[in-house]
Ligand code: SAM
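Only one chain is included here, represented as structure tokens and corresponding to the form predicted alone.
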């Protein structure tokens, strides 16, 4: 795990031997389960360290210094990224992993137990449905999603989970200004306010990588998110916001 250890060091993170071993176990289980269910196209040892584990830990650049205990939900968690790597290095956080596919959720249950992680809840369902349940709506300090989707769709799937005073952090690559511009109206409508777009500058990453941090400043209207599939099919562009 040398690539992960060195990269984490440049993020200001010192991995303990126990944490390194947890990442080793995570890698082995990810590859083993990936032979049966489609968790990731990235399986090479060094590639996983950089493109999955280190990429997940880069989220810490947007967190407040010293903040090690909070409620976090990873929306569309898939193979547990970025939620589980963050839980490994910050064991005091209360983590919820939301995943719509039952087989992937089974892996999340398995790996959480295999790594001995406490305070981890795996929820099976779509964000559009789960976000309307009282026990999840506006209950989280940090909301994350590594989903490959335009920001204007992502904010509708994530901000309803975010407590007022909390934030949504989106991981993005490449040119982000067009996405930010497109999502401005939706962010405001859903109770958010852009705090910053933070450039991630690590030699391990090719191209431009960003953390888009959106603060939750007011309640999300009860009508959002709309029913399953609609946020992607009919994103809240300004001309569609009243549909």
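Residue numbers count along the first chain shown, from 1. A quick note: this is a predicted structure, and the numbers were derived from the prediction, not measured.
This next part talks about the form predicted together with the named molecule, which is not shown.
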Segment assignment from 131-139, 112-120, 71-79, 85-93: heavy atom within 4.5 Å of the named molecule in the predicted complex: 71-79
is_contact(residue 125, the named molecule) in the predicted complex, heavy atom dist at most 4.5 Å: yes
Should residue 99 be classed as touching the named molecule in the predicted complex when contacts are defined as heavy atoms within 4.5 Å? yes
Distance check, residue 106 to the named molecule in the predicted complex, heavy atom within 4.5 Å: no
Does the 4.5 Å heavy atom contact test between residue 163 and the named molecule in the predicted complex come out positive? no
May I ask whether 151, 184 and 190 all come within 4.5 angstroms of the named molecule in the predicted complex, judged by heavy atoms? no
The named molecule in the predicted complex - contacting residues of 197-235, heavy atom within 4.5 Å: 232
